[in-house]
Every structure is written in structure tokens, then in C-alpha cells.
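In C-alpha cells, one chain follows: the form predicted on its own.
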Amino acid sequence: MKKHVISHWSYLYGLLFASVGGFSVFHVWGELKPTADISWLDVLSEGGMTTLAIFWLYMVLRSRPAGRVTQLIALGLCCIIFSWSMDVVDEFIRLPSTLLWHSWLESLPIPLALIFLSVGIYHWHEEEIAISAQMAKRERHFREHRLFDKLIPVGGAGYLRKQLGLALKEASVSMIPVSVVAVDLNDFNLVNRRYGVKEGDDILQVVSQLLLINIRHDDLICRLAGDRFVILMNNTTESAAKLIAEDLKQAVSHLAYRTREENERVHLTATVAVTTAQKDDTDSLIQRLNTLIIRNKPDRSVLV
């Protein structure tokens, strides 16, 4: 983590060093323009562009880990910031036209920036393809981070509703069955009470990973609420979905999770429910699934 921070600061130090060099050129060889010769519209436009480019650089460095893509995009943005900041200075200080660096300071960094950004975006494209392959069971058709669960690395209820709406729409056209499976942990409130909410959150993350491993490649898992997960299964009959639901139930019961503090094994069980879309919309299908999961719930605690 320390190396990560240092490498990110190096871009800012490099940009600051280059900017000081550029300003020095203007300071040594340039002369101040009369106020009447200053185009304040250009100052506002170029100053705004420079400020936005600094914001872009900050967002890239703030959100991305160190690596080839970050390096190339950051270098491209640094070149743009340098060039545009020299444009701003040029509005106040006039360099003699005989000075070789007169045009280089503003023009040379832009081609370099475009090369860095083009190569960086290409590798970003490759990176996104690799990440999308890993996210295949967590997202489909579109990515919307605002709909992702804040605790578990899967989509939340809003994401599920949107995906379910798309699946039902496709199914009505292609006449394929759409099934949904709910996996609800039994008596999970007792786990939170006994081991604490933090430990409970860790268990939910482990369970989500366990379910991800055990669903098919084309299935989509979301967290509907609390300890209830829903798996959307396109082109799947109810009988086929029930077989997978039973496998998920068994997988949860065989999970050997040990707590951080007491190193105590937590035994979990889950209730599953399965239903297939008839002439449903999103709300009616989720409502029927919730009704089934409540009906299937055991009467007693199974937490040992």
C-alpha cells in the first residue's frame, strides 16, 4: 500500500517539476502582456480545461490501483495538464517568436498525451474484458455501480429488479422459461447476536462467494436483502432450478467457517425457494418468491 501511494505521488511531483520548468521559461524569456492584450475569455476557457484535467488525474489516481493502465493514463493526463497550463500562462506572458521553445511548450506534450492515452485506453479495454469475465455471474447486460450492494460484491435489490425485468422481457419474445431461486440463511440474526455484526458481515461475504462457485456460468446472483440471495436463471425450467437450489442448500450446510476471535466453527443452514415466471412482472415474481421462502422456513433454530 505504501508503494502504491508513493508511485501515485510521483506523477504529481513530476507534473509540478515540469510546470515549474515551464513557468521558469516564461519568467526568464517572456514579458508581461498589457492588460488590454489579455483575452479573458481564453483565460477562462483554458483555465477551466486545466482544472478539469487536474480533476480527471485526481480521480484516476484516487480510484485505480498502480499498474500499466494507470501509469499510461496518468502520464497522458499529466502531458495535457502541462500543455494547457502553459496555454494559460501564455495569455499573460508573451515569449519572443525567435525562441525555439515558444511553440514546443504548448504543442509538443499533446501528441505525447494522445499516444499515452491511446495505448492506456487499449490496455484498459483488455483489462475490462478480463474483469467482465470474472464478473459474469454478478452482472449481465449492463454495469451500474450505484445498484451494487455496499457490503457484498454482488448486485443489490435494485440491480436484481432491473435484470429480472430484462430477462422477463426477453423470455416473452423467445418463449424460454425464466426461474429464480432464493437462498435464505436460517436464524442468521442469532449469528449476529453471538459473534457480532462484523463477523456476520464476513460470513455473508463468504456465503456469497460460496454461492458464486456453485451456480452455473450463465446464472446471475444478487442480494435481495439481509441474508437473502436470489439467483436469476435464464432458460431454466423449475425442475432444473430445484436441483441447483438443493445443491446450494447442501453447499451452505457444508460450509466450515471459523470465527476470527474464538476460532469457533459456525454451522449454517439455508432455506431455498424456487419459482418460474408465468405471466409475471418483476414485482409479482419477487413477491411469490418471498412468500415461498417464508412458507419453507423451518420452525426452529438450526444454529448449533
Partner chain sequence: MSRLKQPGYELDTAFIPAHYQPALLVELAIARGADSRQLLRGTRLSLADLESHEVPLSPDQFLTLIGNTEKLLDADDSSFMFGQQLLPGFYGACSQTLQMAGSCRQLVEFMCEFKAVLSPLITPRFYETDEGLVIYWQDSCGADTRYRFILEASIAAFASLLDWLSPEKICCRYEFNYTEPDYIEQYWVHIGQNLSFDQQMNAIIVPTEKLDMNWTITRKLPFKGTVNSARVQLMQLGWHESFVDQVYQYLMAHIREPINLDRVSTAFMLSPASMKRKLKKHHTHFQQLLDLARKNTAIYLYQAQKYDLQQIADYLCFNDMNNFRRAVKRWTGFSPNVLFA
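Positions refer to the first chain, counted from 1. Everything numeric in this text was worked out from a predicted model, so none of it was measured.
Below: the form predicted together with the partner chain, not depicted.
Site annotation in the model of the complex: the residue of 216, 169, 125, 193 reaching within 4.5 Å of the partner chain with a heavy atom is 193. Contact with the partner chain in the model of the complex, defined as a heavy atom within 4.5 Å, holds for exactly one of 108, 121, 131, 151, namely 151. The candidate stretches are 79-87, 111-119, 198-206, 174-182, and the one lying within 4.5 Å of the partner chain in the model of the complex by heavy atoms is 198-206. Residue contact with the partner chain in the model of the complex: residue 95 places no heavy atom within 4.5 Å of it. Heavy atoms of residue 286 reach within 4.5 Å of the partner chain in the model of the complex, making it an interface residue. The partner chain is not shown here, but in the model of the complex it comes within 4.5 Å of a heavy atom of residue 226. Contact between residue 291 and the partner chain in the model of the complex is found at the 4.5 Å heavy atom cutoff. Each of 157, 161 and 189 comes within 4.5 Å of the partner chain in the model of the complex, counting any heavy atom.
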